[in-house]
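Presented below, as structure tokens, is a lone chain in the form predicted on its own.
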Amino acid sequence: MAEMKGYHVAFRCFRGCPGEWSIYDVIYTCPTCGGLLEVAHDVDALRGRSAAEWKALFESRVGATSWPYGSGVWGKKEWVIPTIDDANIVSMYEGNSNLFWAERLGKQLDLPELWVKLCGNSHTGSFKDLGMTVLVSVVKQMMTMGKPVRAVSCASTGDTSAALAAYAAAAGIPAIIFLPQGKVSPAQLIQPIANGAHVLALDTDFDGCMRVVREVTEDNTIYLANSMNSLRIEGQKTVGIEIVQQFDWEVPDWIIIPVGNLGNISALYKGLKLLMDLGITDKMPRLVAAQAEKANPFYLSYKNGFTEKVTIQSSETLASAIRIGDPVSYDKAVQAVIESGGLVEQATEHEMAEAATMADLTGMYTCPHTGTALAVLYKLRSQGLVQRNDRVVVISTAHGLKFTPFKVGYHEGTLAEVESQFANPLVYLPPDPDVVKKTIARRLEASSFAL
């Protein structure tokens, strides 16, 4: 099957201004108000299938070998971009990531139903793959239609650039990456370089890079791939749908996600709202946006009741991928929090590092951003907002291997503002069996007391 007939999809203004634009046009914001666009689907047409029929269709595609439906994103093609030709889809079979039952960590919190959605178990190691497969696929189709696009570009704190570079390389499309100099982990920096992207390190922060890329992409031959481009939201929204599907179509009580530019929580809400609109679910989980205290503009906006958008100059934070002071998807994220009865909370550097390490000690390998979300969960649990019988999902947005300096620094006790209570430093010993045996015995005895 190529293009799916009978389903309509187009750009519309998120704020409700009149007008509609093709998703194959180079347009990012509403010409009337300057606000963000969204990809609008014909929900009435989608209701032509019953809830039971949609469930059966999506279940039949999980792990399928028929292109492109084995992808967790393109297995829901009708809800993503139904008008694209299968031949132009660029996919690494992203999605279908593990919804991990965090049993041991949950016991420590007296929270039996604690689950962690491991989005870092993806092609480039982060949830950004979910959105980039959609954006790059649409660009490939645009090029086959004779549109003037000759390259794709983004500003990034690391994960976006890795995803864009990989998918662009797979499609044979040049990628131009803008990174804040010295503010990206080595693993994240080398990913776009290895995939052949044109990587430009600017002496500024992410917000500065974003200003540059927006000006560069005013030339319509270079296509903007940041989350203000709502095509990425269409792929990222499938994570919420996938979570519900993995719970046999039951909705959890809470979903907690670390946020920076706010596209991810916006996407999460959009997918969950579509499930309700089609009668597949009848409730919305409470969505929690978790921010680092040193990069917390959305938290500050929440504290003022969203009466105005707060922007800040973000400080240095271990959670580098969410170090953003002027989030683009603010309006959409406000809707997500308000309509879901959710909230916004923050975590200090120490809280996020300790939370990440506690999770690692139960078998996970968490990035600092997942640590931020877990730290927020600990707060909500201690406050009694999250109750013992609640089913809670924490979204892990990236793999811990992308943040090795964070892990090393914690266990060596060198992270600023972090007291490494669970440090597990390397032990150096001579090759003497007696010394080794005594050391093992001493450490096992100490660990038994700790347990």
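Position 1 is the first residue in the sequence shown; the rest follow in order. Note that this is a predicted model, so its numbers are computed, not measured.
The next section is about a form of this same protein that is not shown, the form predicted together with a small molecule.
Contacting member of I322, L130, A162, M352, with respect to the small molecule in the predicted complex [4.5 Å, heavy atom]: If I apply the 4.5 Å criterion carefully, the residue I get is I322.
Sole residue of S91, N96, T217, T157 within 4.5 Å of the small molecule in the predicted complex, by heavy atom: Exactly one residue meets the criterion: T157.
L262 within 4.5 Å of the small molecule in the predicted complex, heavy atoms: Yes - in the predicted complex, heavy atoms of L262 and the small molecule come within 4.5 Å of each other.
Proximity of V394 to the small molecule in the predicted complex, heavy atoms at 4.5 Å: Result no; V394 lies far from the small molecule in the predicted complex.
4.5 Å heavy atom contact, A398 and the small molecule in the predicted complex: The answer is yes: A398 has a heavy atom within 4.5 Å of the small molecule.
Heavy atom of P258 within 4.5 Å of the small molecule in the predicted complex: Yes, P258 is a contact residue.
Segment that reaches the small molecule in the predicted complex - one of 243-251, 133-141, 195-203, 322-330, heavy atoms within 4.5 Å: Going by heavy atoms within 4.5 Å, the stretch is 322-330.
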